[in-house]
Structures are given as C-alpha cells and as structure tokens.
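This document contains two forms of one protein chain, each encoded as structure tokens and listed individually as structure 1 and structure 2.
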Structure 1
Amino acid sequence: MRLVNYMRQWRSVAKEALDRTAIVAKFLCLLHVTNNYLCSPTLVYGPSMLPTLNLTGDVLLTEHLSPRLGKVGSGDVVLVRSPVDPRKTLTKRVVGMEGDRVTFFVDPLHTDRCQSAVVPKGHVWIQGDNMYASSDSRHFGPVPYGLIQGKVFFRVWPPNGFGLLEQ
C-alpha cells in the first residue's frame, strides 16, 4: 500500500513538472518569435547618426515586419547588416530606393566634390545623419535590400528622448 501511494505521489509531481516545463518552453518560443520576427530592443551608439541618435547610446525598438513586407522607404531609420563586416549591424537612414538618383559628397571633410549614383534594383542607399563621421553607402555603395534587418520606430532610452523616432 505504501508503494502505491508513493507511485501516485511521484506521478503527480512528475506531471506537474512536465506541465511547468511545457509552459516555460512555450514562453521561450513566443519570446524567440517576438524578438526575431516582430519587434526587438536594440542598443545603438556612435557618432554616425548625430543629432538624431545620441553618441553615448540609445535603446531603440525595431520592428522586423516592414522589411519583409517591402514597407521601407526613404527617410526611414533602419538596422542593416554591414556589407563590409557581416558580424556588425549598422543604424542608418534610407536616402534612396531602387531606381532613385542619389547625389552625395564624396569626402565632406576634405572636399566639396559631389557625385551621383543610381540605386540598382533590389538595393537601397543608406547614409548616417552625421555625414562627417559615418561609414555608409558613400563608402561601400548601395546595400542589398535583404540586408535590412528592421525599421526603427521608438526610442526607449534615454528617458528625455522617450517616444516615437522622428523622421
């Protein structure tokens, strides 16, 4: 009789443990889908997007649906996988879409010389808001649309900049 009670108790504990494990697994799956396919927080820092973003860092919310649906346009701030170093992610503004003619300063620190380029099919032209301290399409050319990881829409940190990101 004692063995039967012990087995019932063990079965009850095992069932509860399995149920809680299933809940945790479902939560982790939901977190993965949300973070990778819907919306994720991103820490960005550096001088290339001054004055829009802070030099010391901003926490931004990035949505991942717009690039998949083709809803990224000129003026949008985006996260882009670097075409030069795929381990890095860049935060830049889309300046031109496919077919657009973009005129840009080649080296604004040393010369006023301008150059024009036509953005090829399936590509975008990205530039930092601070042209004096940005490595962007002026240096590595148009970026394939597939390298866009998300569109920035909200600033979470610092508190004085909390809210929707201005275009």
Structure 2
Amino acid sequence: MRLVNYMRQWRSVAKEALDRTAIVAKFLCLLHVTNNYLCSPTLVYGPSMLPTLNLTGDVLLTEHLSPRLGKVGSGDVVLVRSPVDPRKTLTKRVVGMEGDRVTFFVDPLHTDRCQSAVVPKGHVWIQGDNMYASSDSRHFGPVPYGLIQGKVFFRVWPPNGFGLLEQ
C-alpha cells in the first residue's frame, strides 16, 4: 500500500519536472531563434572603428533580417565573419557593394598611395572607420556577402553613447 503511494508521488514529481524542463527548453529555442534571426546584443572592442565605436568595448544591438533580405548597403556598420579566421567576428563598415569601384589608401601611416578596385559580384568591400589601425578589405580583399552576420543599428553601452548609430 505504501509502495503504491510512493509510486504515485514519484510519478507526479517526475511529471512536474518534465513540464518544467519542457518550458526551459522552449524558452531556449525562442532565445536561439531571436538571437539568430531577429536581433541580438554583441560586445565589440578594438581600435579599428574609432571614433564611431570605443576602444574598450561597446554593447551593440544587431539585427539579422537585413542581411538575409539583401538590404545591406553602403555606409552600414555590419558584423562580418572574418575570412581569415572563421571563428572570429569583425565589426566594420560597408564601403562598396558589388559593381562599385572603391578607392582606398593602401598604407596611410607610411605613404599617400591610393589604389582602386572593383568589387566583384556577390561581394562587399568593408573598411574600419579608423584606417590607420584596421585590417579590412584593404588587406584581405572583398568579402562574400554570405559572411555578413548582421547589421548594427543601436548602441546600448556605454550609457553616454546610448542610441542609434549615426550614419
């Protein structure tokens, strides 16, 4: 008799545990879909986008709909998977779309030399705003559009920079 009682209690506890786990799993799935398809926060740091972004780290909101719909254009700040190391993500500005002719300073620290290139089909030309300390398309060439992960549209931290990013 006591055994039957224990079984009943255990079954109700197990059912409740399963329900709670299902809720947590559903929440994690919702989080994954939102982070990958809608909007996600990212911490970015580094000197290559001064003065737009700080050296010691900004938290930015990136939206992932625009790259999928092909709506990324010149002047947008984007998160791009690095063509040199696929585990790293870069934050740069799109300077030229496919078919554009881009003119850039090859090595502004040492020379005034300018070079010009045409962006091939399906690629974009990305450059950091701080051209003295940025490794971008001037060094590794145009990157395929498919590497663009998201478009930055809002800054959340630090608080004095809270708001939309200026074009």
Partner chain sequence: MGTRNVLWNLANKYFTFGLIGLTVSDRYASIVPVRGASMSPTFNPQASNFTDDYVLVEKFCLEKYKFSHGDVVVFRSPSNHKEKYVKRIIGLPGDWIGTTHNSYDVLKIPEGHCWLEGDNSASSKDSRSLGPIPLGLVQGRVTHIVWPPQRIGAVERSYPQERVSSP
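The first residue in the sequence of structure 1 is number 1, and each one after it adds one. In this text, the rigid core denotes the largest set of C-alpha atoms whose superposition between the two forms falls within 1.5 Å. Remember, predicted model here, so these are calculated numbers, not experimental data.
One of the two isolated chains is the form predicted together with the partner chain, namely structure 2. Here residue 157 does not count as shifted, since its C-alpha moves by less than 2 Å between the two structures after the core is aligned. When the core is overlaid, the C-alpha of residue 9 ends up 5.2 Å from its other position between the two structures.
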